[in-house]
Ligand code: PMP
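The chain that follows stands alone, in the form predicted on its own, written as structure tokens.
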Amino acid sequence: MKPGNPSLHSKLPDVGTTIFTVMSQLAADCGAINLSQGYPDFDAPAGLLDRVTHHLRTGHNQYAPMAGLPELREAVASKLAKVYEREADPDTEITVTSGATEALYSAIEAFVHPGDEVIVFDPAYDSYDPAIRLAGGIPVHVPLTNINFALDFDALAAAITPQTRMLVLNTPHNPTGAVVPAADMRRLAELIRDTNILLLGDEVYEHMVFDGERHESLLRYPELADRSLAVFSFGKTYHATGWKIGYVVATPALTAEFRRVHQFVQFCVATPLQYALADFLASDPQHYLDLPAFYQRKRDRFAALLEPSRFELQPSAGTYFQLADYAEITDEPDTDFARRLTREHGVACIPVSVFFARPPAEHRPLRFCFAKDEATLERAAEILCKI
């Protein structure tokens, strides 16, 4: 490099703009219905918005504590005790973060050293791999099974080495909507019992598990919780993804190390929003208790609307995403068909193959977001049924 002529040496030379940005921009450019990026087109609860206005106007507009407002951490601790029977110390085991993405990134930066291996399950949410590599770690991609996208324990056992530092477990799973059952949690505990592997739990869709099943959080299993950092999202739960507020639950030792990094990535999170969330968590727990039924109705409605179409759906077990097989329509690669669907038909979705380090040769489905109001789902389904 010549003096005065700096050149770029990218840390992520193979990483472009995320598929979510690409498809949402394409949807905007084409005037398409956006069922690609995962956000609702309806508002947060009115009572929560009222509390935001209250705190904006009562002087709560300066820095919050680095770990999060005590009031919010205490409200989270109360919820964890009720929902997961996990007693978490709000001072030493709960940290409020700038969304789940920051939490995941800071956790990886805090614990992954150069040369450490980190296991992720493909199809994997696209922020894991770059964060691991930025920390100097080595991502190890283990495919989920072809049947219901379940954990493949034979493949997982084969992937574990003395260099395995961390395993990222996403349940309910984005992009597939699969959930990890209790039996698999117990089997995971047995598999890693005699290792030093840490678990990073991406549990942002915790309240979107359907058909009477429950979310099997890492926090429900003491043996797993003791080696876990569990990540959650207020934005997903309260239909306010643009607020970018989440939290991490971990043992005191893991939390202390996590906060060493968090304080320099995002020192604190928007103060009035934290106060509002603390109020609403305490006053309206029924919101998150009712959320599974709320989103199951949307899942079922979307499936019913697509019944006459040539798309094939297996009902999503969790999240607010639905996979749809399009094999009866075309043999195009999913990335090509997703773009054509947006440009020519006016409905945007996400191709699932982009979530694989090595996309499999067999046909991959498309992912649609059904966190939309009734009119949006009806308009989208009308178009999809004509294809």
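Don't overthink the numbering: it's just position in the shown sequence, from 1. The model shown is predicted, which means the values in this text are computed figures rather than measured ones.
The protein also exists as the form predicted together with the named molecule; that form is not presented, and the subsequent description refers to it.
Peer 1: Flag G137 as yes or no: does it have a non-hydrogen atom within 4.5 angstroms of any non-hydrogen atom of the named molecule in the predicted bound form?
Peer 2: Contact check for G137: no, nothing within 4.5 Å of the named molecule in the predicted bound form.
Peer 1: At the 4.5 Å heavy atom threshold, is K244 in contact with the named molecule in the predicted bound form?
Peer 2: Although the named molecule is absent here, K244 would touch it in the predicted bound form, with heavy atoms inside 4.5 Å.
Peer 1: May I ask you to check whether T92 falls inside a 4.5 Å heavy atom distance of the named molecule in the predicted bound form?
Peer 2: Although the named molecule is absent here, T92 would stay clear of it in the predicted bound form, with no heavy atoms inside 4.5 Å.
Peer 1: May I ask you to state whether L104 is within 4.5 Å of the named molecule in the predicted bound form, using heavy atom distances?
Peer 2: Yes, L104 lies within 4.5 Å of the named molecule in the predicted bound form.
Peer 1: Just to be sure I understand the contacts: of F149, F280, Y205, Y238, which is the one whose heavy atoms reach within 4.5 angstroms of the named molecule in the predicted bound form?
Peer 2: It is Y205.
Peer 1: Scan S217, N174, T255, Q274 and let me know which has any heavy atom within 4.5 Å of the named molecule in the predicted bound form.
Peer 2: Checked against the cut-off, the match is N174.
Peer 1: Does the trio V179, F210 and Q322 actually contact the named molecule in the predicted bound form, every residue with a heavy atom within 4.5 Å?
Peer 2: Zero of three within 4.5 Å in the predicted bound form.
Peer 1: Work out which of the listed stretches, 288 to 296, 256 to 264, 219 to 227, 94 to 102, brings a heavy atom within 4.5 angstroms of the named molecule in the predicted bound form.
Peer 2: Only one stretch passes the 4.5 Å heavy-atom test: 94 to 102.
Peer 1: Which residues within 123 to 150 place at least one heavy atom within 4.5 Å of the named molecule in the predicted bound form?
Peer 2: Counting only heavy atoms within 4.5 Å of the named molecule in the predicted bound form, the contacting residues of 123 to 150 are Y125, Y128.
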